[in-house]
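Quick setup: one chain, the form predicted on its own, written in structure tokens, and binding and motion questions come after.
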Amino acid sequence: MTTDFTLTDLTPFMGAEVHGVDLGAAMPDATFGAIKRALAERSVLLFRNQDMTPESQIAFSARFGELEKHVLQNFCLDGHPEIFVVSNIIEDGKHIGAFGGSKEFHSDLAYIPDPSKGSVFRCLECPEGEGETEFVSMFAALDALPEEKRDWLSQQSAVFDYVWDYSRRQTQRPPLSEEQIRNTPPVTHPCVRSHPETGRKTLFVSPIWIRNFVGMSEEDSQPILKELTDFATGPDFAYRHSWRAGDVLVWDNRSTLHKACPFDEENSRRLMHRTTITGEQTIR
């Protein structure tokens, strides 16, 4: 690792806080390469007290790879389609961002053919002591599964269906347009994938979007998925992040799940900017 910065583990199995890096400034290639390696190994990186602009967030994020333009472009930052706004704030009678963030564990954009590599999440405003984000390590969850279940999952694939999930959960958001529906058909991914940078095996199930296992009905699949999700999202594999304005979290969507924790959305303000890095095809 480079001597330009230091790391402090957030948990024994996942996450590290990075000290001594200004994400809004020019960064040497060697420093970025070490950050990229740390992300692949630790899955979640925390940078405190960052002063970034939309342009510097996009520039830093783009060093990891091409950036996604979210299917919900109506919630992206004006002039910056790469930045997905997550917020409960209402201006001129309209939500300025995606509100009521998912309170269920998921991996960002797992429902597209090449699921997201990672996300960069910047906190601009947040309530104190609530509205945390919780992560679980899918490396650790897979390693802890009984061998028989691990072997079974290694042979399975699952159908990820964004439109199916949106219609049943996002009842407070505007309905999807015909174009959005066409752009997000069901896709299939293996339930255990190899991390493309480390080769380490990781569980790859994003429960809110999985409709069924391939070759099984939805009715038969959902109880198995719930049992697996309950195990994988237990406290033994979790890290809950308490936000401060100026925090930037970078997480690897290939080896984690995350969810938003509740807060007083009627009386508090929360404003986050997310960039999402294009991923690659899933392989066993």
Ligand code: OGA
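One rule holds for the numbers: they count along the sequence shown, beginning at 1. Keep in mind that this is a model prediction, so the values were computed, not measured.
Heads up, the form predicted together with the ligand isn't pictured, but that's what we're talking about next.
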Which of 103-111, 190-198, 144-152, 161-169 sits within 4.5 Å of the ligand in the model of the complex, heavy atom basis: 103-111
Is residue 133 one of the residues lying within 4.5 Å of the ligand in the model of the complex, judged by heavy atom distances? yes
Does at least one non-hydrogen atom of residue 42 fall within 4.5 angstroms of the ligand in the model of the complex? no
Residue-level contact is defined here as any heavy atom of the residue lying within 4.5 Å of the ligand in the model of the complex; does residue 10 satisfy this criterion? no
So in the model of the complex, does any heavy atom of residue 86 sit within 4.5 Å of the ligand? yes
Let me know which residues along 262-278 have a heavy atom within 4.5 Å of the ligand in the model of the complex, or say none if there are none. 270, 274
